[in-house]
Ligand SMILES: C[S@@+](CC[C@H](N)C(=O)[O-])C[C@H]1O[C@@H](n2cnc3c(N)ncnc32)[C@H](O)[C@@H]1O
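The chain below stands alone and is given in structure tokens; this is the form predicted on its own.
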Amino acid sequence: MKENTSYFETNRQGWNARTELHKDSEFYDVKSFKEGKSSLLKIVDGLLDDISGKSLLHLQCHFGMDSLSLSRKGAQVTGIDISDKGIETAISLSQELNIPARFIRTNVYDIEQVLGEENFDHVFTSYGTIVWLPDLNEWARLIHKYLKSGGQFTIVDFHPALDMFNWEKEKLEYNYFNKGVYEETLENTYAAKEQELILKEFFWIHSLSEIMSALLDHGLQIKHFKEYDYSPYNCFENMKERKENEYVWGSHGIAFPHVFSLQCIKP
């Protein structure tokens, strides 16, 4: 991973800057969360409905709202993220609200250095996570390592078909298959579009076959897969709300996948 060190460092700084805006944004609505509202929307909430008393590793947890919502459901949660500010904010929320959870700042690829030989009943990741990872083979190896036998991995993320679009220009611009790193400079962040924030970022697009093959190659067994024709978040340009927490891109009326969910079991 040494060849990607500079990419990771740029992205870490970007997520530090985002966190400063996200934690105070209407998008994340931390006020309602502090009053007891769960941050988990229906897709994730429905897939993780039996976690009370179970240990759960949350990869790329941002500033911890979903991790703490899972803790409220009874899980014993460890959240990891590359962002210093994200982990600091997560710890602060955990302490302020007296919601037990452990948060560790680390790159996904470095978790062996901080977790050692621990293992978990569940590993979980969601929404805009794997685009920051160049190597899904190593990602899948680590998921397999940190799952107990019989443990479950759950991912809910934006569909790679959706990642092909340039949102503002409303046209195809990116490869569906992994053709290497992309570099972009943004002028704001999805959760606070009115705030000017210059962000340089590096990301990778992974096809569904690449995602599934990596998990299967490391011995995980797929038990659930589903595609959804909407996003639960209004986080891209030119999206329209068709019903509560269901946003679709464009006004063409053509249904295409926005999100996918996948669950695997470690035999």
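Just count from 1 along the sequence shown to find any residue number. Keep in mind that what you see is a predicted model, and the values were worked out from it rather than measured.
From this point on, the text means the form predicted together with the named molecule, which you will not see here.
*Asks:* Pick the stretch from 95-103, 75-83, 144-152, 114-122 whose residues have a heavy atom within 4.5 Å of the named molecule in the model of the complex.
*Replies:* Stretch with heavy atoms near the partner: 75-83.
*Asks:* May I ask you to state whether residue 61 is within 4.5 Å of the named molecule in the model of the complex, using heavy atom distances?
*Replies:* Residue 61 belongs to the contact set for the named molecule.
*Asks:* Test of understanding: in the model of the complex, would residue 28 fall inside 4.5 Å of the named molecule by heavy atoms?
*Replies:* The answer is yes: residue 28 has a heavy atom within 4.5 Å of the named molecule.
*Asks:* Would you classify residue 176 as touching the named molecule in the model of the complex, given a 4.5 Å non-hydrogen atom cut-off?
*Replies:* Although the named molecule is absent here, residue 176 would stay clear of it in the model of the complex, with no heavy atoms inside 4.5 Å.
*Asks:* My question is simply whether residue 140 lines the interface with the named molecule in the model of the complex - judged by any non-hydrogen atom within 4.5 Å.
*Replies:* Residue 140: no, not in contact with the named molecule in the model of the complex.
*Asks:* Can we say 208, 256 and 260 each have a non-hydrogen atom within 4.5 Å of the named molecule in the model of the complex?
*Replies:* Answer is no for this spot.
*Asks:* Work out which of 71, 189, 107, 89 lies within 4.5 Å of the named molecule in the model of the complex, going by heavy atoms.
*Replies:* The option sitting close enough to the partner is 107.
*Asks:* Using a 4.5 Å cut-off on heavy atoms, what residues in 119-152 are near the named molecule in the model of the complex?
*Replies:* Heavy-atom contacts within 4.5 Å come from 126, 127, 128, 129, 132, 133.
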